[in-house]
Every structure is written in C-alpha cells, then in structure tokens.
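This document starts with one chain, in the form predicted on its own, laid out as structure tokens.
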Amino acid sequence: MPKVARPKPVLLPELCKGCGRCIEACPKQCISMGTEINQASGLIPVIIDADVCNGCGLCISACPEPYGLTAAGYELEDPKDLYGHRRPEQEGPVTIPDQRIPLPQCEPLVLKGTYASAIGAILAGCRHVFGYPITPSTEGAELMAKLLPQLHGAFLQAVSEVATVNHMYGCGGAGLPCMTFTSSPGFSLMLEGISYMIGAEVPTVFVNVMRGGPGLGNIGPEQADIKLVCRGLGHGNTHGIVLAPTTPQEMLDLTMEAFQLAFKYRNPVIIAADGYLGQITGRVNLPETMVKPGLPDWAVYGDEEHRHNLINSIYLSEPSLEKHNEHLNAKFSLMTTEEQRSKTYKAEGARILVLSCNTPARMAKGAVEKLRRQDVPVGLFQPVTLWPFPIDHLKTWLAPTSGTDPVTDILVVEASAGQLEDELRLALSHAGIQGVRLHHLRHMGGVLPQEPEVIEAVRNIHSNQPQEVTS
C-alpha cells in the first residue's frame, strides 16, 4: 500500500507568540525558539525545520493560537465561525453618581479642629486614609484609625510621607475618596507625589496643619506654608485649590467641600490650617446630609468595565506634553474663575479692611468688632481660598459700584513673613488694581498676632489717613 504524505505544519510568524508549547510537543525536535523579533507582532516566533518534520500534527494541536500553526493547504476561517459571535463591546464605563443620605438631627458637638476635619471627611464619603504621624496633625489620623474599620474603611500608617502620597496616588486613581493629615515638614516630602497627581489628574485631599519653620522649627502655629501651597505644589506646571478654615466648624465644612472640588476638577485640594486651629475645640454643627460616593467613569478600578482606563503623568513627546499642559492651564483658569471664596465682617462702609485668614482672622474679627463700636470705619476680609485668591470679591470693596466710598487701606494680619501679603500683591497686580495702600502686622515662629496689636495698627492707619478720607 503506497505511503500517504502527511501535510506538514505551516507557521504564520505574525501570529506566533513564542510560548514554546509546540517545542515540547514535537517528537522529532525539529522546532526551536527563534532569535529575531517579528516586526508585525513585536514577539519572537519559533523556527521549524521542515526537512526533519514528519507531519504528525502534534505541534498544531499544542498551539494555543487558532492560526499560529496550521496544516499546509488549510483555509483560514473567520474567528466568529470557530468560536461564535463575540459579546458586543461596551460603550465604556459610566459614572455612578454620589448619593446624598439624610442625617438624623443631633445636638452640636464640641470638637477640636483635626477631629472636625476627620468627621467632615467621613461625611464626604472618605473611607481610605493614609498618613504618617506628625504633630500637630496626628489626632486627625488617630481618630480615622479608630473609626474607619467600623465603617468598612481602612487607615494605613505608611512608613513615611513619601510612601503616604504614593498610596494616595493609587487609591485616588481608583476613583475612591482618600486623604491624609500632615504638617509642614511632612507636606514638603509629599510635593513630588502631588506633582504626579496633578499631572495624572488624580483627586485627593491634603490637610496641612501648618507649624513653625523652616527646618524642624517647632510645633507652634504659623502660616509659613502659604507660598508652598499656592505657588509650590511640586515641580512643573502645578496648582490646586487651597482652602483656609478659621474655626472647627469651617474645618468640617471645608473638608467636605474639598472632596467635592477634588472630584469636580480631578485635582488635589489642600486644606491649609494652622497648628492652633488643629488643636483648639469649638462648637460644630453637623450637616443635614452625608455622601455615599459613587464611582467616576475614568477610574482605574480594576474591574472589566474600567479595564481600558489609564492614569498617567508621562508624556515623552514634547508636543504631547505641551498639549497636556494647555489642558491643565485651562482647568486652572476655570478654577480661578469659578472657585474664589471669601467672607467679610462689617465691611459695609469700611475705608480700612483687615485682611486675614486662619486663626489670626479670629483676632482680627475681635478687633474689628471693638473698633466699629468706636466708629472706626474698618471691616474684615477673610479669603477662604488662598488659591485662587478671591480678588474678584475684594475689588468690589476697592472699587464699589453703588456710589459708596471705596476702601483705601488694607492691613494684612498674618503669622508669616509676608506670604499672605505676597498673594494679595500678586492678585492686585494681575487684576490691574492700583491706589490701595497696604500695611501689615506680622508674627513668626509660632507667635500669633493679638487683638490689641490689630486695634493699635488700625488706629495708626486711621489717624494718618487724609482728611477727606475720614470726613
């Protein structure tokens, strides 16, 4: 009986992924691993010695690819005929919106500032907190470590602030609300990671309870991180909304708002408190609702629906990086237009404004109250956002449209060497506002301006104003 020639296998190199299963299956050892990359696949296909091959077909059976190895003369078939029709591709992940859950009414609480911020974060839906202990912010992290396990959340004490910010990068990139409590030296260590987050558009919240510096300094209250949070959030083209609370109530309220803003703009948000505010206690009212967070469509959540998403801050092509920076600048511009926030106290009819934030604003408010009783035309302007600086709000007092006299003098009261005043001067310059006279009252190193000092400074300004201003 004549011998029938068996068809020998044919290799399609662009479909071979070089797994080696055919090499193990071949009884004649005529298949070996190749040495050259196939340009179509980027992989290294195997090599078949056809002279040694006896056409047994075991290699074809072993090949996991439908057409990696085929018999000579085999006609290619459409994959849908082999495996059936594929499930239609989803149009893409959809955003699961946040839900507002009513809270039962309760009596006001008496909380220290860091505790109030922690409660605000929980009510905003935050269940993931990362941190490294540093005074005077540690109590916020301690409270979260106690409460989050009871709320199906997690607190992770990282090995350092550098590790902390990278944990936050991963958690925020998954679309989950997360935060940290830190203080000035620790915040400095986080700046590289913050730059990555801004570049990759990852939302997170940083509570920076500012303390005295530079260097190790002390644990007293200071506002010497204002230039850092407003102008130095890591390398590159970086900005983030900076909220400056003044009371424990604002610590809670602004922390809740910080999460909303972080996800609205996909950007880190900074809460700049001072060491005194982090530790003092005050009356705090809880809101009427809390947030059950959803999941944004861009999240790298690890499930099938979000598998095509990518969080990335690397743009090796110069034109691509420039285009990305233009996108970030457009976002920063929108923040500047839409998110300016401020508060005033007795500013109507004022010719002098005391400009202050954080704990020094409490001293300034007391001084304004007493001076107003003595008919001194002074008011308080409190910037709630340090970046963007609320210059659009301030200029309504510097150039009123109602026919009232404008403010002619501003006294900047701060616990730093002019960092808040620098933000004011820069905002005035960009807005093209001239003619207002600036004065300052400053303390540093953990020393806070006091109410009598503010009163004396305002009196000196008032007594030196031109006669037509005070008439």
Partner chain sequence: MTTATAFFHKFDRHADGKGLKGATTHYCPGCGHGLIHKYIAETIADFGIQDRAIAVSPVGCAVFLYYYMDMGNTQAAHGRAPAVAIGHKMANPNSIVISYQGDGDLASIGLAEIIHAAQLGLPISVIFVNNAIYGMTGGQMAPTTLVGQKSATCPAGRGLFEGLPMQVAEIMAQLSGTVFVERTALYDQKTRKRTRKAIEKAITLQMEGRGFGFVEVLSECPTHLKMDPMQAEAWVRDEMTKTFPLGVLKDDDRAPWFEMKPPEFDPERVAELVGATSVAPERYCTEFPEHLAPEDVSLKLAGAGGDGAQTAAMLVTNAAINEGFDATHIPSYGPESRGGTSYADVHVAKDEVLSPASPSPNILIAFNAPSLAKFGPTVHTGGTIIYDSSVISEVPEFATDVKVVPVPFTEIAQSLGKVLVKNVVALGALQEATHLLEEDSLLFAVRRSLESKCAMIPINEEAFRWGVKAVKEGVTHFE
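Rigid core here is just the name for the largest C-alpha set that superposes within 1.5 Å across the two forms. All of these numbers come straight from a predicted model, not from anything done at the bench. Positions refer to the first chain, counted from 1.
Only in words, not in the display: the form predicted in complex with the partner chain, which the text now covers.
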May I ask you to state whether L69 is within 4.5 Å of the partner chain in the predicted bound form, using heavy atom distances? yes
State yes or no: in the predicted bound form, is some non-hydrogen atom of G170 no more than 4.5 angstroms from a non-hydrogen atom of the partner chain? yes
Any of the heavy atoms of P245 lying within 4.5 Å of the partner chain in the predicted bound form? no
Report yes if any heavy atom of T401 sits within 4.5 Å of a heavy atom of the partner chain in the predicted bound form; otherwise report no. no
Which single stretch, out of 423-431, 58-66, 436-444, 410-418, brings residue heavy atoms within 4.5 Å of the partner chain in the predicted bound form? 58-66
Partner-contacting position among M363, M190, M256, L394 - heavy atom within 4.5 Å of the partner chain in the predicted bound form: M363
Under a 4.5 angstroms heavy atom criterion, identify the one residue in K292, R231, H327, K264 near the partner chain in the predicted bound form. K292
Only counting heavy atoms and a 4.5 Å limit, does any residue of 109-136 reach the partner chain in the predicted bound form, and if so which ones? L109, V110, I119, I122, L123, G125, R127, H128, F130, T135, P136
S429 C-alpha shift between the shown form and the other one of 2 Å or more, rigid core reference: no
Compare the position of the CA of P452 between the shown form and the other one after a rigid core fit and state whether the shift reaches 2 Å. no
Does A62 shift between the shown form and the other one by 2 angstroms or more at the C-alpha, the core having been superposed? yes
Comparison of CA distance in the predicted bound form with shown form for P66, H306, at least 3 Å: closer
